[in-house]
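So this first bit is one chain, no partners, the form predicted on its own, shown in structure tokens.
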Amino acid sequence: MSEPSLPEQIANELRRDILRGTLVPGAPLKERDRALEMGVSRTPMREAIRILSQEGLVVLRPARSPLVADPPLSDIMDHVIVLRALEELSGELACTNATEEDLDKLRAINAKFESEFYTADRLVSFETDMSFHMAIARASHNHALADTHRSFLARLWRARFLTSTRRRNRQTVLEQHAALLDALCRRDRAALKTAFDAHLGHLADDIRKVFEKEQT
């Protein structure tokens, strides 16, 4: 895998600032100020902001500073429905198309997730969690599906991070990932669908509760 470009590195740092709450929803993202803070020129900063706008994390405005996105809950719920369908379709295709190399990568990601779950920074753990889901999509070997999945996952990045910090039972999350991996390795579509239902079945309700709490 090639090293990320400078704009991609900057976008990653800005994305993390959004997740940590350093950049709050609705806040202006001043290109010049952020470039000075990060010690980069305005050109890669502009490209980084464009990356985030494509992910739905930033809203561009003509002749004005872009804003950190603050989508309505209804939009987020629509994205959740689509993401769940994409995850299940990815898994279904991966049961047929995944190579042993794909499965080895999933095992490695899940082992990393388990080893750092209780000790790593919650943002690092979250990024590992999402990399597991993206690896399943890639294992479908359907590029259009994997790209679409990545796009919708990006639009739900902040919402999923917020819900990941309030999981009801952390041990349950580990068990659910293990169930997903086990079903994939056995290429058992029915078991995989059951595992996805258990893992993502509460996602919409969890997101709704987080956003309702933010409004109070």
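Computed from a predicted structure; not experimentally measured. Numbers follow the displayed sequence, beginning with 1. By rigid core we mean the largest C-alpha set that fits within 1.5 Å across both forms.
Below: the form predicted in complex with another copy of the chain, not depicted.
- Here is the short version: of Val82, Val124, Ala108, Leu73, the single residue with a heavy atom within 4.5 Å of another copy of the chain in the predicted complex is Val82.
- In summary, among the residues Cys95, Met130, Leu145, Leu103, the only one with a non-hydrogen atom within 4.5 Å of another copy of the chain in the predicted complex is Leu145.
- Shown alone here, Gln54 lies within 4.5 Å of another copy of the chain in the predicted complex, counting heavy atoms only.
- In the predicted complex, no heavy atom of Glu114 sits within 4.5 Å of another copy of the chain.
- By the criterion of a heavy atom within 4.5 Å, Arg46 is counted among the residues contacting another copy of the chain in the predicted complex.
- Although the partner is absent here, Trp157 is not a contact residue: none of its heavy atoms lies within 4.5 angstroms of another copy of the chain in the predicted complex.
- Partner contact region in the predicted complex: 148-156, out of 148-156, 64-72, 171-179, 32-40, criterion any non-hydrogen atom within 4.5 Å of another copy of the chain.
- Residues of 121-141 placing a heavy atom within 4.5 Å of another copy of the chain in the predicted complex: His141 alone.
- Superposition on the rigid core between the shown form and the other one places the CA atom of Glu47 2 Å or more away from its counterpart.
- Shown in the overlay between the shown form and the other one, fitted on the rigid core, is a CA shift at Arg187 smaller than 2 Å.
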